Structure formats: structure tokens, C-alpha cells
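Read the single chain below, which is given as C-alpha cells and is the form predicted alone.
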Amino acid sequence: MSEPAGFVREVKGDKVSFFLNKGTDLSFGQIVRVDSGNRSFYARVVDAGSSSTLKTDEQLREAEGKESFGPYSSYRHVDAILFLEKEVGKIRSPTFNPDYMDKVYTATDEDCSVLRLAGELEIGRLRSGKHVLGPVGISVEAIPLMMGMFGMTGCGKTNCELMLNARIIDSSPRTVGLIFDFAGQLLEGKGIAPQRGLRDHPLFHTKIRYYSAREQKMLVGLYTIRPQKLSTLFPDITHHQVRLAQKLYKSLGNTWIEQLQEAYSINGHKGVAELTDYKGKAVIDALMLKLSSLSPHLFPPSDYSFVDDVVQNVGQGVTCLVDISGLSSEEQYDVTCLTASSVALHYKRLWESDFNAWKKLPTLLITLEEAHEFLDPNMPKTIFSDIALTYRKYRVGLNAVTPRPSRINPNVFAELWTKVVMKTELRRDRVYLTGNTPYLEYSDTEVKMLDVGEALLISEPKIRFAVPIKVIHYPEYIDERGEVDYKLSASKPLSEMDERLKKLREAGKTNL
């Protein structure tokens, strides 16, 4: 049993105020335990203050040196919010509250085990003041319940992304990731010191597939684009434009877009009208404006699509890292939406048509950076909104990563059951986070004060409170993990191989 940190001075509802013993250090968000009879209560520190037993006018006179008073007491009081109760080994939400003079203790490793924070996808350690305690992780079952990572630039989001996806790779084939890297940081770990990225993961060559437009590995052939994919590429497309596209595809086949582009470039809408019995100029012009926006170096006239390769790899437990840095914002949008929809629909169709085959698929987490650009309520609805709202039963999860959580659609934000909240200084974003996330109602100050690499983790239904964590430094994880032993037989010495080749050459000359 550790020494008490203080004792309860007042309790009201779920709020506990206690005096802090001199010499004891606490921090905002720190978890404390209050022992009360045969029960223990767990609470998070949300506020603190200090004062003395002197009246205000007496304090002023003593501060000015006009009069001295004594003896008197100075004290520090701390406010904490209850979130858990333990009684005879049973853990649940609080049914009551502590009593006056009950002892307050800082959390220990034993308390860490009581709180049940060690999910399979370990991303950090429990922070307790200046110390770190046991492991904290997200359960695999939480992936389809959706998640989000929020924090300002430079707070450590990239490191956190790397840690979470590294754990997903380690858990393959039970889990798999589809990662959209907008800044080209995750492969090499740019911005992390010492620099380590997913290419440094021991399973990179067997469990990770890297795609980059710079290496010509990100091509989507025009012949693979069907009319039903147009709503994914162009969320604002109208019903009449889709109907026209379907008629043209039925008439022209896989090369329909190429033929349309050629006909439109020669004779405008009349050239397209000649290929079908549809004569509406406005609809034809609107459809061709969209099709003409498809980048020729990203959508060449061919029947190859890297998206098919992504779908196949994900199904086999191979995490796919799609590096879309260097592309225009329109091209990034096209690649991201088209790839995510194809993979998600693969899971959905298998669930509907071959349930036994679907059960063999790994649980999928789609990591979407700059998520506010795709989930903004003022923009047309994208496939990512559908994934967040309806795809949990298919074991497809979304990780929305963004520095601007206030720009995420409230309906989508409500579906993100796991949240990793890092340092956020913009008040609008802090208010949105704390006002729309259970258990963060009193954490506005704490979110602003978080240091680089620190976070608050909520992962319902297993972690129903905000856990202060120190995210594991990815380079340290790589060093501790070490290389993978593939149990391959040792290669023969070069001298022995040279001798063998020499004998073969001599034997060949003899036969001649």
C-alpha cells in the first residue's frame, strides 16, 4: 500500500474534492483511488486550487508586511470526477460516492490491472504524474466500432499512427490495415527522431504492400471504371447523369469513357449524342465535365487497376500503405475514395454472398489522414461517411485522423467509439471534442496542457473513461521488437558454393 496522497474534504454527486498532502505531486487527468470501507472508487483529477485559513484582508496585510499572523494553515485542494467503483472484485460504474476523510491514493500497477487497460493493440502506457505504469491498448473488437485521432500539428499523431498500425501488422492475419498517407511520412517515418517508418518494421517485406504514384504503382485503368463507381468518384453526380452513363456503358462496353472523351473532343455534346438516343445537352455536358477531370496519368486507357491488388492483399492480411503525397487534391480524393469503397464493398458482398468466406477475412482498419476533408458536413457525402455509419457489422473500421475535429460531421463523430485525443490548442476544436465525447466534459484544460506524445484514450465499451497515456515512441518499439526469425536454413559458405560450381563446369567440359 502506497502512502496516502490526501483525504476527502467534500463530495457531491460524482465530484470529489480532497486536500492534498504536502510534498505530493499530481497532474491534470491523473487517476487516483479513494478507499471507502469495503469499496474503492477511481477518479480523474480535473481541477486544483490552493488557499489558506486566513481571510482575504489578513492575507493582504501579511503580504504587504504590515502585520504577521500565526499560526495558520495553507492547503491545496483537488477536484476529481468519479468513473469506476470496485467492490469485492466486481468492477462497475459508481453506484454511490466516498465519504468525508476517506484516504486518497495515486494509482499503482495493481490499479492498472484493475482498470483493465491492456488491449491487444498496445499503443502506450498509463501516465501517473511523472511516472508511467502498465500497458494501455485498444482491443481488436473496437476496430469496427470506429475511431479517431485528434491533435494539432506536432503533437505526435504520426508516431501514434505508426504504433497502432504496427500492432495491427503484428496481429495479422487477425487484423489488417489500409492506410492513406497524405504527406508521405509513414513509410520512412519523416519527422520522427531517430527516423523510423513502416519500412523498418520486421514484417515489411511479408505483411506490408507499398503503393506510390511516384513509382507508377498507382494506376487505375479507364476500362475498369463502371457507371456504378461514378458516385464514389463524384458524390454530386445526379441520377440523370448516372442513367446516361449506364446506357453508354451498355452500348460501348469497357472502353466507354475513352470513346466518349474522343467523341466529345471532336463534336462536343453532339458527338456523345450520336452514340446514344439521349439528346439532353445539359446532362451530357455535366457528365463529360466530370469524366474529363480524370487525370490521364492516373487513369490511363488500360484494364489494369492497382485497386484490385489492394483488395486481394487486404483479404490475405497484408496491410496496404497508399502514399498519395505529390498528387493534386482532386487526384488524392479520387484514389482515396475509389480504393476505400472497393475494399469496403468487398467485405460487404462477401458478408452477403459467402458468410463463411467473410468470417476468414481479417478485421480491417482504414486510416484516413486529413479526415475533415472527407467528413465535413458542408461537403457532399463520401464513402467514408457510409463506412463510419453502416460498416461495423462487416468488421470494417475507420480511423479518422485530423487536426480539425470540429469539421467532422456530428453524426459521424458520434460513431467514433474510440478516440485518441492529443494536444489541441484551438478552442473551437477543444470545445467540440470535450462537448461531444463522453467522459471529457471536464477536460478542456487538460487537452490544452498535454505534452508531445501524451494523449487521452477512450475506447468504448471496454474503456469507459479518459485514460491519460504516454504513447510508445515508435523507434523504441522497433528496437525492442527486434528482427523476425523466419526459420530459414543457413546459406552455404561462398567458398563451398564456388567449389561446387567449379566441379560442375569441369564435368560439363568432360562431357563435351
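Since the structure is predicted, the reported quantities are computational estimates derived from the model, not experimental observations. Numbering starts at 1 and runs along the sequence shown.
Separately, the form predicted together with a small molecule exists; it is not shown, and the next lines address it.
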Quiz prompt | Segment that reaches the small molecule in the predicted bound form - one of 42-50, 456-464, 469-477, 22-30, heavy atoms within 4.5 Å | solution = 469-477
Quiz item: Considering Asn399, Thr424, Asn159, Thr339, which brings a non-hydrogen atom within 4.5 Å of the small molecule in the predicted bound form?
Solution: Asn159
Quiz item: Using a 4.5 Å cut on heavy atoms, which of Met218, Leu133, Ile192, Leu230 is close to the small molecule in the predicted bound form?
Solution: Ile192
Quiz item: Is there a heavy atom of Thr153 no more than 4.5 Å from a heavy atom of the small molecule in the predicted bound form?
Solution: yes
Quiz item: According to a 4.5 angstroms non-hydrogen atom cut-off, is Met449 in contact with the small molecule in the predicted bound form?
Solution: no
